[in-house]
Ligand SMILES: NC(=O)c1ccc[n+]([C@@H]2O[C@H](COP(=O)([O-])OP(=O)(O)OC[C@H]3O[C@@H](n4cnc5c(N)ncnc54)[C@H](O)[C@@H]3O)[C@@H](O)[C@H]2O)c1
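Single chain ahead, by itself, as structure tokens, in the form predicted alone.
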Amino acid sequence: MKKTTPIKVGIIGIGRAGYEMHINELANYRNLFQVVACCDIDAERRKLAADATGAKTYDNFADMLKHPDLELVSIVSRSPDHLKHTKMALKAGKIVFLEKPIAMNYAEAKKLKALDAKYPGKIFLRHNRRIEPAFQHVREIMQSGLLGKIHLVKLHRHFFQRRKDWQTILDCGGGLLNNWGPHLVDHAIRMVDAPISEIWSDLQLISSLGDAEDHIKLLLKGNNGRVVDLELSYGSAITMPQYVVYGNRGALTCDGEKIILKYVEPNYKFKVGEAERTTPPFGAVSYNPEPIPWVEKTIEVAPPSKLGMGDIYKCLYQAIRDNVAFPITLDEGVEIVKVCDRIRKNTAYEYPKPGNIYKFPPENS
């Protein structure tokens, strides 16, 4: 059996994501990772992290970066600080695992690219929904040709939430486009599967208590003619299937657990016919009389990779220790930010001016 050398990890930001996601996920891979340091300005959060991991805790990020043997830093601080903390960690010689949004805007994303050129191979993005099982499996079916030529994909994430934390406040870097948005925009870009030629978007505030958008409607069109229709909303009391895909030989829907398919077998050839210029009789429409041999089935979501979102740290270990390709590249992450910037520019929603981001609580590092 191959001997593993655990990667020693430090985490900055012991909020909901830092504790409930990162620390809990790392607990599943104790043979691959050792949490040795955690940083947060809140003493109760530091104690929570120490009790869960046994790590040394810090209230100052610069001090945490001096922790002996620290190899990897997971950046789970508030969104406006992601770029600054990434730069500090890289300068200290650490590998970075960066939460979304990786940048607040495209200008910041280009600075990440510059940092990657200076510190090559040191930045990894925690876009864990790239390995969401349903996304993997639906995309595999799309690429297989089973549904024929794909012309329309619908992506839905519908909730009704009256959220009131900092993620709902614009000048704290909040908003659904920064929160859930990078995941679903990534899915949309991948499912267009071609350079994007057109973007239409609408952002609204429906039910949350802050001033940031909590409802996103997005249409992307590729130069292949394919359209992706995305709805991401905290203001939708009735849900829709997470994935709907339409092709010229069939379609599918997926609720995240099961995939419902209706298609014509790939080897079936429709008879050649022509449209008729004659006027059809009253009360009738002229259809091709050839019956369509539909195949209908329901299958469980089960992508060949067998990876789930909780395996993103496993993928990170393999990338660092075994030189296995990581599921998402920095270039792909930068493209997501670029599209999100275009979404903001396409909408009348009032965003704060770049650089006018209020940080609360104040930094002490």
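Start at 1 and count along the sequence shown; that's the residue number. Predicted model only: the values in this text are computed from it and were never measured.
Keep in mind that the form predicted in complex with this ligand is missing from the display, and what follows is about it.
Asp81 is the sole member of Glu108, Asp81, Glu132, Asp186 with a non-hydrogen atom within 4.5 Å of this ligand in the predicted complex. Between this ligand and the residues Arg226, Arg126, Lys94, His137, the one pair within 4.5 Å by heavy atoms in the predicted complex involves Arg126.
Exactly one of the stretches 271 to 279, 241 to 249, 164 to 172, 151 to 159 approaches this ligand in the predicted complex with heavy atoms within 4.5 Å, and it is 164 to 172. Not displayed here, this ligand is approached by Arg45 to within 4.5 Å at the level of heavy atoms in the predicted complex. Contact check for Ile23: no non-hydrogen atom falls within 4.5 Å of this ligand in the predicted complex.
Interface membership of Pro101, defined by any non-hydrogen atom within 4.5 Å of this ligand in the predicted complex, is confirmed.
In the predicted complex, this ligand sits beyond 4.5 Å of every heavy atom of Asp311. Residues Cys39, Asp40, Ile41, Asp42, Arg45 are the ones in 32 to 49 with at least one heavy atom within 4.5 Å of this ligand in the predicted complex, listed in sequence order.
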